[in-house]
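Let's start with one chain on its own, the form predicted alone, as structure tokens.
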Amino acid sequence: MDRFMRPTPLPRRFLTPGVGVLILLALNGLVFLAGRLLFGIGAVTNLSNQYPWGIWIGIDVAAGVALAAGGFTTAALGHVMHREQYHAVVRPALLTALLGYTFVALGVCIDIGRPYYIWHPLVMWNGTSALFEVGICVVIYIHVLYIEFLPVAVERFLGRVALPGPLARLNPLAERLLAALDRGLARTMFVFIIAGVVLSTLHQSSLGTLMVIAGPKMHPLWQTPILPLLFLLSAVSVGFPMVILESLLAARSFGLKPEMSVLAGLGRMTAPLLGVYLAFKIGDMFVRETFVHLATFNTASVMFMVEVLFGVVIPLRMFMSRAVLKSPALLLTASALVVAGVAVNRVDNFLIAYTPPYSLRPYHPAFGEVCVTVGFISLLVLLYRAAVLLFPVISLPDRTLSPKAKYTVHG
């Protein structure tokens, strides 16, 4: 990076033709969501006693948690490892993680049969349950993410409070509160940064533990005792590609020049992470001799090959190429392959590989399920766009700045 960067609210208009399409998709999803809440989960889904979960768990929750990993991986890189040159991508990654986990929580709320009992795990603890560990970690991590985003909001309004009319008398008090909050966050933020990294590693691996418990209901190509480790390694591997993908798409959408030196550095670090994940994935397959199942041509073997070949092997080779690291289009392609590969892996684990006992027919998502998922993704993109227009999230070149970081973790 040859210039210092300053996070700045982007001076762009919110409404564009693409935003209009996203608003329609979001509204369509909200209509089906209202149908699920008013008439029950069976009204808009193909879920049943034989198939208690579908794409709302496989995509909205499991894939959503993995693809939000850019938040803790970039926080660890920028603040714990003191790689200051990557600070420019920490805030966008944090915002993506914050919105991603928020929609993961919403996905869980609409997927369970009685969403009004969502508070039960917080009160009725079950310390021996892997699902409880996932739930409590996600709840705490969401709060940590919002606390980590607080400095961005404080920076946006500190010194700019201008309440209208009779409320103007509160302006000095609001300024003092913001200043006190800014000082307090600067002194304690390292605690939340470390907590965020630790909490992420815990629940990312515990999602794999849930599928280990499924036992023989899982296809042997995916069922393995090291599934928690594979879930964690794949989440770590997809963190930087997700940040690269998001940065390049945001740069194109807002007409900005992508910071290729930063993104190429992230891509260079992705190759060994993918290599470690691939070594454990293939090594485990040969140790358990499950490769024999690849000789059978069926949905499971095809999806496994697609997941490994297009989601790991090809992008791994691409990230090892200097030409790819210098090209925005090729870097975008390699990152998109990793992101799609991890999403397919979660769908494979929770839907393709999982065969419920006593199932009478295959599960296919209903039109309403697809609409809600597409609507949630559209709403997430809209909120991301609104946030970067309002808050200082995206960094722009500023030659007047020093490279000093505001929050670091020492020791």
Partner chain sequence: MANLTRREFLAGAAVLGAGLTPSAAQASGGRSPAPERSGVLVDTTVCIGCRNCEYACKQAHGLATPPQEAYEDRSVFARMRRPDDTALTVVNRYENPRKPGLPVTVKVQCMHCAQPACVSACIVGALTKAENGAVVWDTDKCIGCRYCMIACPFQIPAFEYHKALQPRIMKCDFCFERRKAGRIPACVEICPMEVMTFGPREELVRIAKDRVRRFPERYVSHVFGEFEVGGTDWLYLSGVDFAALQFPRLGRSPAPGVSESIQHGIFAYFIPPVSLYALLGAVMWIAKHSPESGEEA
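Heads up, when I say rigid core I mean the largest set of C-alphas that superpose within 1.5 Å between the two forms. Numbering follows the first chain given and starts at 1. Please read all numbers here as calculations on a predicted model, not as lab measurements.
Same protein, other form: the form predicted together with the partner chain, not shown, and the subject of what follows.
Chemist: Decide yes or no: are Gln50, Glu133 and Val212 jointly within 4.5 Å of the partner chain in the predicted bound form, with each residue judged by its heavy atoms?
Modeler: Every residue of the candidate spot has a heavy atom within 4.5 Å of the partner chain in the predicted bound form.
Chemist: Counting any non-hydrogen atom inside 4.5 Å, which residue from Ser129, Ser261, Thr333, Thr299 sits next to the partner chain in the predicted bound form?
Modeler: The option sitting close enough to the partner is Ser129.
Chemist: What is the one choice in Thr290, Ser253, Thr201, Thr102 with a heavy atom within 4.5 Å of the partner chain in the predicted bound form?
Modeler: If I apply the 4.5 Å criterion carefully, the residue I get is Thr201.
Chemist: Just one of 374-382, 60-68, 37-45, 24-32 has residues with a heavy atom within 4.5 Å of the partner chain in the predicted bound form, so point it out.
Modeler: Answer to the contact question: 37-45.
Chemist: Taking the shortest heavy atom distance, is Tyr363 within 4.5 Å of the partner chain in the predicted bound form?
Modeler: No, no contact at 4.5 Å.
Chemist: Would Pro166 count as a contact of the partner chain in the predicted bound form, using a 4.5 angstroms cut-off between non-hydrogen atoms?
Modeler: No, Pro166 is distant from the partner.
Chemist: Is Met124 part of the interface with the partner chain in the predicted bound form - any heavy atom within 4.5 Å?
Modeler: Because a heavy atom of Met124 falls inside 4.5 Å of the partner chain in the predicted bound form, the answer is yes.
Chemist: Should Arg156 be counted as a contact of the partner chain in the predicted bound form, where contact means heavy atoms within 4.5 Å?
Modeler: Heavy-atom contact with the partner chain at 4.5 Å: absent for Arg156.
Chemist: Under the 4.5 Å heavy atom criterion, name the residues of 108-128 that approach the partner chain in the predicted bound form, in sequence order.
Modeler: Residues within 4.5 Å: Asp111, Ile112, Gly113, Arg114, Tyr116, Tyr117, His120, Pro121, Met124, Trp125, Asn126, Gly127, Thr128.
Chemist: Using a rigid core superposition, assess whether Gly35 undergoes a CA shift of 2 Å or more between the shown form and the other one.
Modeler: The answer is no; the displacement is under 2 Å.
Chemist: Please determine whether the C-alpha atom of Pro357 is displaced by 2 Å or more between the shown form and the other one following superposition on the rigid core.
Modeler: Yes, Pro357 moves 2 Å or more.
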